[in-house]
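For reference, the chain that follows is the form predicted alone, supplied as structure tokens.
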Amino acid sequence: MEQNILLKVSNISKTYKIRKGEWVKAVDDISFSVKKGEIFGLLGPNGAGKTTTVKMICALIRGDSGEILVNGINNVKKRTKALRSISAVLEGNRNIYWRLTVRENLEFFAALKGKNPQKIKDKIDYYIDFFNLREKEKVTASNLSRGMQQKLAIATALVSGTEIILLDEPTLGLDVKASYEIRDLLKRIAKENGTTIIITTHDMSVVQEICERVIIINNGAIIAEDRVENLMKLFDTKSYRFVVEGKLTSQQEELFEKIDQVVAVEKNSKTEITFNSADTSLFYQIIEVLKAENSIIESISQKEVNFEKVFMEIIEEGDKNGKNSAVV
């Protein structure tokens, strides 16, 4: 096993029979690896194959081909030993028991992993405080808010001390405040405890904010894999907006019309000039054109590239390359 690699997925595939004589490939020859302490994203649209991949890592379903090593241990041949290193929070509320309190849930799930709840009382207290659940520790899970239920589900996965946490759509269905709280907590978990976190999501903002590396899956296959900032650079198109007092002169309008990426629009008593291009020299060309006629620039603003745009362009490019459709 390579140094610091906790999870190695090699050429896994999974095909389902959906009706007589008809099969669909949910996962198509996927390979990737994840390092210790890394927050790693599995990004893709609904039905891309993310959840099937997670279930194969957790050995909940067996693939048709390929191999998954957890801490160097094959998760099919030595399932029990391999899964000692993994905890998972699957999509939905199936990860906690509704009739148990916050503390009872943590004790129960610790026991399932072979931990004596009395001997790890300090750790249980730590996670109750870490997730700000102290005031709710005696409240049954069914009476918690959706955000608190998700915090508790993640805490139950962490309390046993496994090195790898798999989170399937951890912010799905949460309000904005709860979503940001979960993101901040996950970053703290990785930084303070060295926990390896693997997140599946179709929420680009989650990946952009907390993940170091990401693979993008579409139609069951990987269509992109890199560090998030490198994927952003692939589509590093700058977008600027100038607001100028009054109208442009006819000469200025003529010059801007010759540049495809530049658009000038009159609005009330002002003119808005925008351009989208990776060629930053256009910025200075616009400045020179405005300066030549003594135009008064009221404001200049830049729009940052958004990972959602990057994601959609990569997906569209993958579709153009003829990937077969898949579900799950």
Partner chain sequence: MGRILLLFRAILIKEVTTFKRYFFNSMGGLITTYLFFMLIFWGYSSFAGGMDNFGATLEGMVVGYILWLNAIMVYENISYSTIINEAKEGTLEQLYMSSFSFGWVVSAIAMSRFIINVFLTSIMLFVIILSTGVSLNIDLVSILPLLILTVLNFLGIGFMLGGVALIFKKMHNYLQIVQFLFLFAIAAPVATIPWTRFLPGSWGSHLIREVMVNDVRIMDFSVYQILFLITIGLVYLALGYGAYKICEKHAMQRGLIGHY
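Numbering follows the first chain given and starts at 1. These figures come from a predicted structure and were not determined experimentally.
There is also a form predicted in complex with its partner chain; it is not shown, and the following applies to it.
Comparing 262-270, 26-34, 51-59, 281-289 against its partner chain in the predicted complex, the single stretch with non-hydrogen atoms within 4.5 angstroms of it is 51-59. Using a 4.5 Å heavy atom cutoff, none of 131, 134 and 173 lies near its partner chain in the predicted complex. Between the options 140, 239, 251, 74, the residue in contact with its partner chain in the predicted complex by a heavy atom within 4.5 angstroms is 140. Contact with its partner chain in the predicted complex, defined as a heavy atom within 4.5 Å, holds for exactly one of 149, 179, 95, 208, namely 95. In the predicted complex, at least one heavy atom of residue 112 sits within 4.5 Å of a heavy atom of its partner chain. Taking the partner from elsewhere, residue 91 is found to have a heavy atom lying within 4.5 Å of its partner chain in the predicted complex. Under a 4.5 angstroms non-hydrogen atom cutoff, its partner chain in the predicted complex lacks residue 258 among its neighbouring residues.
Interface residue remark: residue 86 is counted as part of the site for its partner chain in the predicted complex, having a heavy atom within 4.5 Å. Contacts between 97-127 and its partner chain, taken as any heavy atom within 4.5 Å in the predicted complex, involve 97, 99, 100, 101, 104, 108, 109, 111, 112, 113, 114, 115, 116, 117, 118.
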